[in-house]
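This text opens with one protein chain seen in two forms, each one given by itself as structure tokens under the names structure 1 and structure 2.
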Structure 1
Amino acid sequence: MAYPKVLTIQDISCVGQCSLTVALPIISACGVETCVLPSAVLSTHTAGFSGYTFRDLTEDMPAIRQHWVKEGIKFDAIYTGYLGSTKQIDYVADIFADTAAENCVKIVDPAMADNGNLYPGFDMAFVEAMKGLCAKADYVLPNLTEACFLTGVEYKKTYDRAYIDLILEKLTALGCKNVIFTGVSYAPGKTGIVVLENGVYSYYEHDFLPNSCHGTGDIYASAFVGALVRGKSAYDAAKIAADYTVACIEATAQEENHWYGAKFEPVLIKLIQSL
């Protein structure tokens, strides 16, 4: 695929280094044509800011899809991030069905939970809808909390390989074809990525950095998509994305009071070089 066309569907926070303001430049930097479908527009993201504006674009999504269908527009990969409602999930399923090119790769980041809890505004009906979308995906990228909600497995902060294997088994039974399981830690001071592709388990471990940054999940998913679509194996794409995300966090730690996001731009050259 010499010049693939990727569609990413998620909200856009005008300020805050997350969602589409991360996905568009990162995937583009991978040398991939990047098309976007904003599910909502916010003045800033919702973590740490107050009084932000929010415009829901849910009702625009069917008309956009219909125009693409009329024009015969197809995508070689479709990547979904944060979706704000079950109706949006339904519309995304329609987009999967109507705008996927032959051999289109569908990547779902079920961005709905962290630290043992669902994000505000989400409930179990949303989880059930997300299960259905994940079953349609070629790759799903859950963190531990999201994987537990998707599978009904109790969330634990301390666990072993058998616990992770149980979650992977249940994700596979759900219909998830391949799993990129982020933030899996088997040892103190370490974290990593579990890759389950075609039933084969692999793991990439790196140091755990104590300074967390908003939007690093979006950075990771976008780098993974860019590397995957450029022809890297799932494991290599997972490793490239992990190393890049660590570099972003390290760069951010050097910047005083940069609390609202991660400095992904100054280290984009490292991602490009890794491809």
Structure 2
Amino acid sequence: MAYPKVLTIQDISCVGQCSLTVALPIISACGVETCVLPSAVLSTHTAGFSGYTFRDLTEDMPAIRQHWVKEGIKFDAIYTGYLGSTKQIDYVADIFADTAAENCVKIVDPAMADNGNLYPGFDMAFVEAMKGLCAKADYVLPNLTEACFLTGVEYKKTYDRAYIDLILEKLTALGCKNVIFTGVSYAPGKTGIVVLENGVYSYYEHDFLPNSCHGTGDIYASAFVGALVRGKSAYDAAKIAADYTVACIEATAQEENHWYGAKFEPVLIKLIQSL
């Protein structure tokens, strides 16, 4: 892909350094044309702010898709993040079906949960619908909580390789083709990414940073998508995205007032140089 065209579908949280305000600059910085479909507009993200506004854009999605079909617009990659409603998942499936170029890579981040809990506003009906979308993707990028909700495996804070293998087996049974499993820790002070590609397991381990901040899942997924469409292997893209996310967290350390997101902009150059 000389100059790939990527579509990313997720919300705009106007303030909060997550979803589209992270995905658009990061994927663009990877040298890739980045098209967006906002699933909702919120005044802030929902993790830690209260009283945020939420404008659901579900009913705009079919007309947007139809216009793209009429214009003959196709995407080389489609990456979905936070989706605002169960119905949106059906509409995203229509977008997959109608706007994917030949060999389009579909990446689904089932952004719906963290730290053992669903985000506000999500329920098990959403989880059920998300299972179907994951089965349509080439790559899914769950964290441990999301993987547990998708598979019905109990969420645990301490675990071993057998526990992760069980989750991977169940994700594969759901129809997930390749899994980029984030935040998997096998040793104190360490965390990492499990990559299951074509049934082959690999693991990239790095230091665990205690000052983890909100929005790093979106930073990670965006950097992974950018690196993947730039031709990196899934493992290399997973590693590049992990190193970049660590740099973002380090750039945000010692900033008590910056709890709502990670300062990803000053270290974008590191991501660009790693491509």
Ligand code: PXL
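Numbers given to residues start at 1 and step along the sequence of structure 1. Note that the rigid core is defined as the largest set of C-alphas that superpose within 1.5 Å between two forms. Since the structure is predicted, the reported quantities are computational estimates derived from the model, not experimental observations.
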#### Entry: Label of the structure corresponding to the form predicted on its own
1
### Query
In Å, how large is the C-alpha displacement of E255 between structures 1 and 2 after the rigid core is aligned?
3.8
